[in-house]
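Below, in structure tokens: the form predicted on its own, a single chain.
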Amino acid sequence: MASTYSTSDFRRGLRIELDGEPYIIVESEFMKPGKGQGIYRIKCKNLLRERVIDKTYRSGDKIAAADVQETSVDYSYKTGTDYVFMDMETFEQHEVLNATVGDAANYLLEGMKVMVVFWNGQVISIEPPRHVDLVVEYCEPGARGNTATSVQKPAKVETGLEVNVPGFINIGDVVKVDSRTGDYVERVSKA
């Protein structure tokens, strides 16, 4: 028997099953009209097709939980179109297509621990750590004396991702980047 969630369980990041496919809730909003039951409006993304849909539920409704498994693996290397991950407990390798890895590729470094999400034995997504430390490979030099953090400039990091960083960041600096948004968080240290 599949487990279910009540509408009171709805929150961002919850994995649910709709029409036989896994979804993740990206937004959840509760509304209480003047009279009657509360209403939950959710926006959820299909984990197989990347399509986003809106759904509305009445308070107390039940919805099926997506039968997904998360496994911590190490990123090993990239071949032509695949990324190779290894489960360090079983030494099982998982080859994942570039399309499945998607934007997570911008944050992958060899040896990094990531979460692989499986649905029906198939890898459906890769989740890198929330914050990743990346070396700045190229950026324009900051203007002399311009150390204000509000001045931003583009910087290219070791994975090829372009991040807007403060003007005081230089080539060789290590910056912490939020993998959910791609935003600069802080300078970590010199490489």
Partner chain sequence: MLEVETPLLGRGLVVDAHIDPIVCTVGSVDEAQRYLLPSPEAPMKRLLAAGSGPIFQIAKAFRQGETGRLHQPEFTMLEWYRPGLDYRELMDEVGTLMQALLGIETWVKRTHTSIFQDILGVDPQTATANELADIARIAGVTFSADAGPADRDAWLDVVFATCVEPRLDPTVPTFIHDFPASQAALATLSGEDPPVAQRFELIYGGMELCNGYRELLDAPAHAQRFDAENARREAMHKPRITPDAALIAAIDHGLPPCAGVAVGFDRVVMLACGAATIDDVVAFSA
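All of these numbers come straight from a predicted model, not from anything done at the bench. Take the two forms, superpose them, and find the largest set of C-alpha atoms that agree within 1.5 Å; that set is the rigid core. Residue numbers count along the first chain shown, from 1.
The form predicted in complex with its partner chain is left out here; the points below concern that form.
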{"property": "Contact at G34, Y40 and R58 by its partner chain in the model of the complex, all three, heavy atom at most 4.5 Å", "result": "yes"}
{"property": "Residue stretch of 26 to 34, 153 to 161, 66 to 74, 124 to 132 approaching its partner chain in the model of the complex, non-hydrogen atom distance within 4.5 Å", "result": "26 to 34"}
{"property": "L18 within 4.5 Å of its partner chain in the model of the complex, heavy atoms", "result": "yes"}
{"property": "Interface membership of D54, its partner chain in the model of the complex, 4.5 Å heavy atom rule", "result": "yes"}
{"property": "After fitting the core, S59 CA displacement of 2 Å or more between this form and the one not shown", "result": "yes"}
{"property": "Rigid core superposed: E27 CA moves 2 Å or more between this form and the one not shown", "result": "yes"}
